[in-house]
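For reference, the chain that follows is the form predicted on its own, supplied as structure tokens.
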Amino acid sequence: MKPLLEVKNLFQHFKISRRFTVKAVNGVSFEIYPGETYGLVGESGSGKTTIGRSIIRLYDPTGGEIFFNGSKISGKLDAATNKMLRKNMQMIFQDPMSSLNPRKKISDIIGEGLDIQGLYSDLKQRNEIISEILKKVGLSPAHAERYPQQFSGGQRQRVGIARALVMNPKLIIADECISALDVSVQAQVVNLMKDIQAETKCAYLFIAHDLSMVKYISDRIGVLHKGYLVETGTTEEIFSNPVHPYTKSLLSAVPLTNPVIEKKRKLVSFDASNFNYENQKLRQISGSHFVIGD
């Protein structure tokens, strides 16, 4: 099976001044196959969101290549490639309030992509498509005439999911889409995403820092540290046999439900000053399990 998305040696640097450049992403490479979920984890500032925004071309990559759906989407995009990208790749943003226009009704927010791409024949069909997608994400068609500020956080995130799904994309980039929600609502949203994936066969790039949720939804996981992909593999490989010290430190910080074991649990410390990832490449451990090193 050919990968749906290929990211090869991606660099994303931001020049702040003549003397200072933020090196947010450095030589990251991974693949996502049709219908699978690839989890991207790491602490705040590790470059997770930057990678997602570079892939969907909200940022112009500094270096490297990105291939999506058989087409190269890094560098300058022609009209046909740009149209294909906008239709087949969508993003669910982290903050469900700031990503929704407060001056527009839900029907106009969800229908904007349909309008731009011309994916309906008349107004009746447009309304039917919007009503169906609202039902699919657990909202009422009557909600289409409301404004974002009339919804709770969980409902607004469902609107964000509906906006992404209405285009029937092949890949959805979920940028910490549950981090601003209550724990019970997080479970509802993640289960909704899994149900939709089973139905539509779309792929997810699931960006998060909640390892337990990433373990639940992901098929494969990549671990980011300081803009470098330090370890990647299947969910089972990463959680049962972490190799990189940073991965071990992240996993040791996950709280346990058993209070007896939790009291005895010891955190694994990680000293970043001892690690220099410059010019180092991922080496294979076993199967699809890779770790950065000489």
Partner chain sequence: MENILSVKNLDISFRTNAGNIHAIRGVNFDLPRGKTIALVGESGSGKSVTMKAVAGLLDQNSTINSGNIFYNFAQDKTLDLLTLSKKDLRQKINGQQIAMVFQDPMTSLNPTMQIGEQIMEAMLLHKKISENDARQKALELLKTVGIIDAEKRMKNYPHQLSGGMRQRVVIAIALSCEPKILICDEPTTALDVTIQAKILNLIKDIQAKMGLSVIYITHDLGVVANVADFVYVMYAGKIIEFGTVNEIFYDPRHPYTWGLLSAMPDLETSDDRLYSIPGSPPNLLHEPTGDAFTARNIFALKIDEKAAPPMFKISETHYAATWLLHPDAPKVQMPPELQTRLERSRKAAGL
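As the structure is a computational prediction, the values presented were derived from the model and not from experiment. Positions refer to the first chain, counted from 1.
Here the subject shifts to the form predicted in complex with the partner chain, a form of this protein not shown in this document.
Novice: Would you confirm whether the three residues R53, L58 and V137 all fall within 4.5 Å of the partner chain in the model of the complex, going by non-hydrogen atoms?
Specialist: So, no: the whole triplet misses the partner chain.
Novice: If contact means a heavy atom within 4.5 Å, which one of 206-214, 78-86, 111-119, 98-106 is the stretch that engages the partner chain in the model of the complex?
Specialist: In the other structure, the partner sits against 206-214.
Novice: Is there a heavy atom of L250 no more than 4.5 Å from a heavy atom of the partner chain in the model of the complex?
Specialist: Because a heavy atom of L250 falls inside 4.5 Å of the partner chain in the model of the complex, the answer is yes.
Novice: Taking 4.5 angstroms as the cut-off for heavy atoms, does I129 touch the partner chain in the model of the complex?
Specialist: No, I129 stays farther than 4.5 Å from the partner chain in the model of the complex.
Novice: Can any non-hydrogen atom of E145 be found within 4.5 angstroms of the partner chain in the model of the complex?
Specialist: Although the partner chain is absent here, E145 would stay clear of it in the model of the complex, with no heavy atoms inside 4.5 Å.
Novice: Is there any non-hydrogen atom of D195 lying within 4.5 Å of the partner chain in the model of the complex?
Specialist: Judged by the heavy-atom cut-off of 4.5 Å, D195 is in contact with the partner chain in the model of the complex.
Novice: Which of N168, S74, S71, Q188 has a heavy atom within 4.5 Å of the partner chain in the model of the complex?
Specialist: It is Q188.
Novice: Even though the chain is shown alone, can you say which residues of 249-266 have a heavy atom within 4.5 Å of the partner chain in the model of the complex?
Specialist: In sequence order, S249, L250, A253, V254, P255, L256, T257, N258, P259, V260, I261, E262, K263, R265 come within 4.5 Å of the partner.
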